[in-house]
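Given as structure tokens, the chain that follows is alone and in the form predicted on its own.
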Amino acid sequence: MLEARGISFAYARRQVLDGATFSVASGETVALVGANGAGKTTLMRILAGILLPSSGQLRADGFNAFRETLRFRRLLGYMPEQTPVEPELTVKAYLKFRARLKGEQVRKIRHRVLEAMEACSLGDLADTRIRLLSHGQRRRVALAEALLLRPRFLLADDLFAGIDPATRQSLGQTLAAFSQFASVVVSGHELEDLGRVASRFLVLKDGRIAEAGNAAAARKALGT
């Protein structure tokens, strides 16, 4: 289980997060939504350990993720809003490179890479340089990277942004298959698409989290 308790964060004098609190059970996918500038990416970066909050706790299966950062990172898969890929590497080479950086044992890397590529339908693109991929294909590579070590906690920021319906469906199916093993948080603006992969919504508004059961309830909470 992933538990965020009283997460607060400010940029200069602007309070972006104000005691945001929620939990995600193992085997559950939740959707994080909010207006532009509401702080979704900031919250996701805090959950990923990239930013430290001014106050609050993050517990992962009972331990303090902010204090035991190395332990948490071994269990975490993070797909950022902007995909930091190496354009001259092939898909397979890039995933091998990332698996090594994540500390995977050498004897397991080949299997992990093949498994992640299969999960994200990248087999036909294994030997293609990343600079030649479409935006949607790069997002699939980013998700494959996040899944490399079979994480117990998965964060996917703005998962469906700028991709075609077929790729959205493919990514959604991958998440659905994976979510039975992990606590998953997916952010974005595409409420209907998010509703197909998430069991409930976390609505970020005025720095706080409110829960909504479906896309219609989330839309009402957002005032859209």
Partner chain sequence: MRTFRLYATRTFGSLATSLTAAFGTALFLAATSYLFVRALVRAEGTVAVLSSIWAESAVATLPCLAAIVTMRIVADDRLSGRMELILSAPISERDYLMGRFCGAFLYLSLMLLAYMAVPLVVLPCCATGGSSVALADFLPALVGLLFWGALSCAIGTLASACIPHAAAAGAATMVCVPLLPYAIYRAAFVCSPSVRGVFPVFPVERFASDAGAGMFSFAYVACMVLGTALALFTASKTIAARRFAGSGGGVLGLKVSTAVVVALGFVFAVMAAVCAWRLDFTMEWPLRSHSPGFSARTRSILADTHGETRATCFLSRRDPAWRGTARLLRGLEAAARDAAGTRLVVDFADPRWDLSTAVRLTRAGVREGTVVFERGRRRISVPIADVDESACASALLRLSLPAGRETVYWTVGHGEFSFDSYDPVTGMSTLARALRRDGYELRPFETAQATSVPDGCGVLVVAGARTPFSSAESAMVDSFLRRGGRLFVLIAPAAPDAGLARLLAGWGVRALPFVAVSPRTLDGADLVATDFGEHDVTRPLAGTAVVFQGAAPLAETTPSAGEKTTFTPLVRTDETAWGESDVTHHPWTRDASTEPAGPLVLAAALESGAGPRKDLALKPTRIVVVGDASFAVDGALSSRANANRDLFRNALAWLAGLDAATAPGTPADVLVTGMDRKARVRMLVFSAVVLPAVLFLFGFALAMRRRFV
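Residue numbers count along the first chain shown, from 1. What you are looking at is a predicted structure, and each value in this text was computed from that prediction instead of being measured.
A second form of this protein, the form predicted in complex with the partner chain, is not displayed here; the remarks below concern that form.
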property	result
Contact assignment for the partner chain in the model of the complex, among 176, 161, 52, 35, heavy atom within 4.5 Å	52
Position in contact with the partner chain when the complex is considered in the model of the complex, options 131, 135, 150, 108, heavy atoms within 4.5 Å	131
Interface stretch in the model of the complex with the partner chain - options 186-194, 56-64, 165-173, 41-49, non-hydrogen atom within 4.5 Å	41-49
Residue 9 within 4.5 Å of the partner chain in the model of the complex, heavy atoms	yes
4.5 angstroms heavy atom contact with the partner chain in the model of the complex for residue 85	yes
Partner contact for residue 103 in the model of the complex: the partner chain, 4.5 angstroms, heavy atom	yes
4.5 Å heavy atom contact, residue 98 and the partner chain in the model of the complex	yes
Contacts with the partner chain in the model of the complex - residues in 142-178 whose heavy atoms fall within 4.5 Å	145
